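In structure tokens, the next block holds one chain alone, the form predicted alone.
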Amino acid sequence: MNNLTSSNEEIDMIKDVIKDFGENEINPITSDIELNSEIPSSILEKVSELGLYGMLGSSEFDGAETNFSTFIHAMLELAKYSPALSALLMFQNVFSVQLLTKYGSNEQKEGMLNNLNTGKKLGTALIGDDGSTLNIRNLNTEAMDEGDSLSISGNKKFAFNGEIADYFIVLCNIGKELGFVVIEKGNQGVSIGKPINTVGLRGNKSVPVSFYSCNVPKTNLIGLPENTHKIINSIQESSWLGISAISTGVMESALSQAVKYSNERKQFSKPISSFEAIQSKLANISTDIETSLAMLEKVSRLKDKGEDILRQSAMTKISTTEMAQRNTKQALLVHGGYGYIKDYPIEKTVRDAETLKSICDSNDDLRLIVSKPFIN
């Protein structure tokens, strides 16, 4: 069923490891994660042992140095068991590990990457003040030049992984330029708000973060000002594909639940899977999964080749998240009235799909990117 399956031994091995991890260690505590909205430290420690924190990091700094297609496989597989944990690792890799690996100075890499790649430290990027990566024209976060240092003040309303992050990579106005600055959590001017109580992806701690006269050395600047938009585009295309992979994993989970239930549930002395109405729903979900996998396969491989995929990644995020939203609801309908009972995990799967559609930039905003070539 999985078009992303390949003969690549590394991919097959990673998928097998994650499957074992998911079935034996995540599934037994899924309800606890949902209830407490927290991923236990024991799970996070196991993630470190598996090397998932630094999949996109350089082996020189203890990273796994996988290509992007392999990373997408891993996030998709993990999302079948915990979309929240998959999102945590996606943001860790894209918003800090990949960013610093590609654009950080030697000093920044030596000071941070070993800890980020092994999960001893976590990081996240804060781009738009409203949590988006596209709305940077109205940026109010300012970095004031104070000689050898910068003083940063501003508010970021939605920081993915913000409660557990040790490093914040913050987009600021620096005079007339835009630039990314690393601010450590322990900086005296950092204020972290209460976790945002989301409908789905419970366990992934997003918070508002404020900066009040945070003084950092200028060596904390990442890249040159002229590279800032290139960095933002790299984050955008990677995070949109990451959300697409998680959405596809959520769809696969929904299909598995619907198939299992429809074969167990009986009406008129036979499984409801024998009814054409149920078969039609299962067929539609399966068809959309194949479409999602094909899109992910194509665009991820283009990224590995170094091609510009911003528009294609926007298309993929739009398509996969909306298919996940539609198909998880179809899987819920297969469950009938039982789908609305919390004892059945399908209602959680529906909520996760709803949340994925809304984060990392709205689909309406992404459609403006997709439509650009059609406008004179």
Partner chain sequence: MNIAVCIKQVPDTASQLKIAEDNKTIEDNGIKYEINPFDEYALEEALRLKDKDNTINITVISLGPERVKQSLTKTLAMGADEAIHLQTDNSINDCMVIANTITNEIKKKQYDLILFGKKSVDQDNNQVGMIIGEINGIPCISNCSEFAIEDNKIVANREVEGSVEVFEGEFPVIITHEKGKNELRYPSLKDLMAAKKKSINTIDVDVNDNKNPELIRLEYPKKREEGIIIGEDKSAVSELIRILREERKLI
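Bear in mind the structure is a predicted one, so any value in this text is a computation, not a measurement. Numbering follows the first chain given and starts at 1.
Form predicted in complex with its partner chain: not shown, discussed below.
In the model of the complex, Q312 stays away from its partner chain, with no heavy atom inside 4.5 Å.
Taking the partner from the other structure, its partner chain in the model of the complex has a heavy atom within 4.5 Å of a heavy atom of G51.
Using a 4.5 angstroms threshold between heavy atoms, A64 counts as touching its partner chain in the model of the complex. In the model of the complex, its partner chain sits within 4.5 Å of a heavy atom belonging to I14. Shown without its partner, this chain lists V334, V350, M55, M323 as candidates; in the model of the complex, only M55 has a non-hydrogen atom within 4.5 angstroms of its partner chain. Look at 56 to 64, 31 to 39, 340 to 348, 326 to 334: in the model of the complex, residues with non-hydrogen atoms within 4.5 angstroms of its partner chain sit in 56 to 64. The partner is not shown here, and in the model of the complex the stretch 195 to 213 never reaches within 4.5 angstroms of its partner chain through any heavy atom.
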